[in-house]
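Take a look at this single chain in structure tokens; it is the form predicted alone.
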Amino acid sequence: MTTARTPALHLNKVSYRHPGDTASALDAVSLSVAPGEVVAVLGPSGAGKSTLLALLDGQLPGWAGAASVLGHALQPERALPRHLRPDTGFIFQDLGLVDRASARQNVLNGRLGRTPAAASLFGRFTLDDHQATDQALQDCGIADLAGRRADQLSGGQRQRVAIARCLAQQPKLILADEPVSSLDPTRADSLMRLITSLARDRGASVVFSSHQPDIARRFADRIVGLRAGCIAFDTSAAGLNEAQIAGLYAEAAVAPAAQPLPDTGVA
């Protein structure tokens, strides 16, 4: 059980190199997140943001260092026990919805980790599972879309289904990999407000990756800058300054100037 003295997650000099790569995707990263805290991991493409979240979710073997999530130590070559996995929810950048299934079935799938293994094989859900699913659909404002197939929904609606699926899981820690990168600013604000407000209502911690400083400032309590696999800064949202942002994206700003892309007319 997570207490005020137990971080939602803690990393101590964690490093990881993707197979076949010569450079480390994460290089001696140390980081703690408090229970209920919302932390944005900011950085350009290739900084290691997605790698960090995948490692915290137990998706990557072969890392070095020490890491714990919700008070339980992660092992580089061993997955967390099944009963602990649902405590961490993940909102994927590509959403990972089953297109031919209804919105409700996609959200109900978020309960699989909390269903006994034998029952989950046959899709047998309890009353608690159905109640959690209905609550998540309602909280995300898509109860009226419950019966519609996922491939018949708009991009913003699909994003809400993915968020509802995570919430139905009833996690204590939510990891979100650039959850609004494909949306226009108005929809991005609406969905980030939804994720962070519902997480706070539930007392869950949130770590989300982004390459948008304004999103990070508006919705995070704290911002961690990641560059080339290393932490460049760790500051409050109010403390983030333009010099830090400029330094974080310096390489990203130089590359287009050296090799400009053709103007396609698409913003």
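Residues carry their position along the shown sequence, with the first being 1. All values reported here derive from a predicted model rather than from experimental measurement.
What follows is about the form predicted together with a small molecule, which we do not show.
In the predicted bound form, the small molecule lies farther than 4.5 Å from every heavy atom of residue 13. For the chain shown alone, residue 61 is not a contact residue for the small molecule in the predicted bound form, no non-hydrogen atom being within 4.5 angstroms. In the predicted bound form, at least one heavy atom of residue 46 sits within 4.5 Å of a heavy atom of the small molecule. In the predicted bound form, the small molecule lies within 4.5 Å of some heavy atom of residue 51. In plain terms, the part of the chain that comes close to the small molecule in the predicted bound form, with a heavy atom within 4.5 Å, is 38-46 out of 197-205, 230-238, 38-46, 212-220. Proximity to the small molecule in the predicted bound form holds for none of 144, 146 and 148, with the criterion being a heavy atom within 4.5 Å.
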